[in-house]
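One chain comes next, on its own, written out as structure tokens in the form predicted on its own.
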Amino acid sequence: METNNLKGFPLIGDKLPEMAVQTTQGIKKLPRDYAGKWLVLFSHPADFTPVCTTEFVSFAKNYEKFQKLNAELLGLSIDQVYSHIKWIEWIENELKVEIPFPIIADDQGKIATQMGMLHPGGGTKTVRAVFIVDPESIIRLILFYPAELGRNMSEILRILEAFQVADKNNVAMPANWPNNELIKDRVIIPPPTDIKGARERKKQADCFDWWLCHKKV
């Protein structure tokens, strides 16, 4: 059976590859410059395009919320740094929104290729990729969006908050957390791994069954 070959592309659980990148705020060294912080690395198809412009405005307007979660934003597209600068100026002058985060100028496409941001049939434009990298420089989540669909900032913020709650409390997060249809803002306790634990779990926690227990954090 034929399968897609993802070998060489960073995957969830891998460390973000080391690279020096040209950005609108100077050279950044990844992942070193973001050590100790969460990083949202996202690509967009091109500067001066309508959906991308709405995304950048939304990222900018939510920037303080990302910072409160100890997270930084880093954009990327296969455009020259001069194009990025001019686009930022246009957004600031015409839409009255300042873009506070840097944008990688990957005009040779090397970073996009390395990160799997170029998909077959997409030409030389990057897809709308999102990589969430934790303070230890480990890739925790990868999302891909098509060109015609803008991203939801509330969902990316929700993901960051959920990761931080899960890591701090050694729990899992239910669907639609913190508004889950079954347990609302409660979190899921990892299931026991032996018979004794399974028999005792329902006595120790709120459970639907021994393998589906939850608690408040």
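Nothing here was measured: the structure is a model prediction, and the numbers come from that model. Start at 1 with the first residue shown and count on from there.
Another form, the form predicted together with a small molecule, is not on view; read the next lines as being about it.
Participant: Could you check which residue among L95, I85, A147, L143 gets a heavy atom within 4.5 Å of the small molecule in the predicted complex?
Facilitator: Result of the distance check: A147.
Participant: Just one of P50, P190, G26, G36 has a heavy atom within 4.5 angstroms of the small molecule in the predicted complex, so which one?
Facilitator: By the 4.5 Å criterion, the partner-contacting residue is P50.
Participant: Looking at heavy atoms inside 4.5 Å, which stretch does the small molecule contact in the predicted complex, given the options 42 to 50, 153 to 161, 59 to 67, 182 to 190?
Facilitator: Contact criterion met by 42 to 50 only.
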